[in-house]
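Presented as structure tokens, the chain that follows is alone, the form predicted alone.
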């Protein structure tokens, strides 16, 4: 009887423990952080969650095939700089800027995938190298300066191009909800992409094959799965997701800020890994990643509104990530040992 009750409590903790932790966090910040439980605070959280979540969905796709992409933050910043460069300096349209960024993201993902599956470079090393390459490359055209209308160019000319209204719309417009303008376009984009990735991974044959590759690559190969192709596709999806995040960030800022994407990598990786703990999934999944991104956004907004020193926020995020991984792996290990006994 006691063992059965303990098993039920353990199963409950594995499945719902992290969600209860998030609910407790919301209640705590609502009580002790003035202004947290307001529509304006919610909008800010949703905006930050949208960018982090989109990148985290890309990370999730690489985790599904037992890979990892450390270059997403630099890809997003490169997309931000490329969109700004194409409109402000090259004076191209918003459509051209968006297409260039999407192509760039897919191309970088392709290069990452080829390095990993053809050149046999470990995924962490390949994407880390790409991260450093992009960090340096995106600074060369403007000699390390951010991009804005009227800036002085290295050749002595002045940039006369501007961000088009259509481009800024995708980063700043908010749809009417009831009587207030609450839902920003990036949030809608994030929700749509999350549903698409969830459906692709969970409901299609290709998604199931990607999970099979992540679980047992050799077995997937023996049944005829083109493992290399699926791995390359996973990194291309990650690159495109990162470029979408960079586009939305550029559209929100209205300038090519060279330092604006510094925290995107850590926050998106944290969201993807936290997703392992949501509903006891114990594996990468789009729904868990979305909840993980929401959790990171709530945590950072609450800490900011409580005037927590900025240098403590990474420590708190790390502690929460460790706690989520404990929920995922240690409790699952306890459950396995309990069932064997």
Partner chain sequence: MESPALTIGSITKSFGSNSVLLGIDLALAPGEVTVLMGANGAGKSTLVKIICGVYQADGGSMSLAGQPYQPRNAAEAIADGVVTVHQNIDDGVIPDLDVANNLLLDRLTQRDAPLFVRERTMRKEAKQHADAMGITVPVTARVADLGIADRQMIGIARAMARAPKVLILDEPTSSLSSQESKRLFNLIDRLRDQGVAILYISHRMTDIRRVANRIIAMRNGKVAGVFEGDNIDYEAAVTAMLGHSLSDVTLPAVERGKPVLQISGMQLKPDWPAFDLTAHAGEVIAVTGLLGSGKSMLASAIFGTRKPHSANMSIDDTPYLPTHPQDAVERGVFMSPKDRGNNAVVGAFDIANNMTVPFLSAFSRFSLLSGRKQREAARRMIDDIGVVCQSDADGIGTLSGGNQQKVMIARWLLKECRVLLLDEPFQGVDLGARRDIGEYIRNTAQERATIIFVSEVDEALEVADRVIVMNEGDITGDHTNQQLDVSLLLSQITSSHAA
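Numbering follows the first chain given and starts at 1. No experiment lies behind these values; they were computed from the predicted model shown.
Missing here is the form predicted together with the partner chain; even so, the following discussion is about that form.
Asker: So if I measure heavy atom distances to the partner chain in the model of the complex, which of the stretches 224-232, 81-89, 238-246, 147-155 falls within 4.5 Å?
Answerer: Of the stretches listed, the one contacting the partner is 224-232.
Asker: Among 132, 107, 169, 211, which has any heavy atom within 4.5 Å of the partner chain in the model of the complex?
Answerer: Partner contact (heavy atom, 4.5 Å) among the options: 211.
Asker: Of 203, 95, 140, 192, which residue is found within 4.5 angstroms of the partner chain in the model of the complex when only non-hydrogen atoms are counted?
Answerer: Selected residue: 203.
Asker: Evaluate residue 218 for contact with the partner chain in the model of the complex, applying a 4.5 angstroms cut-off between non-hydrogen atoms, and reply yes or no.
Answerer: Because a heavy atom of residue 218 falls inside 4.5 Å of the partner chain in the model of the complex, the answer is yes.
Asker: Output the sequence-ordered list of residues from 290-307 with at least one heavy atom within 4.5 Å of the partner chain in the model of the complex.
Answerer: Result: empty, none.
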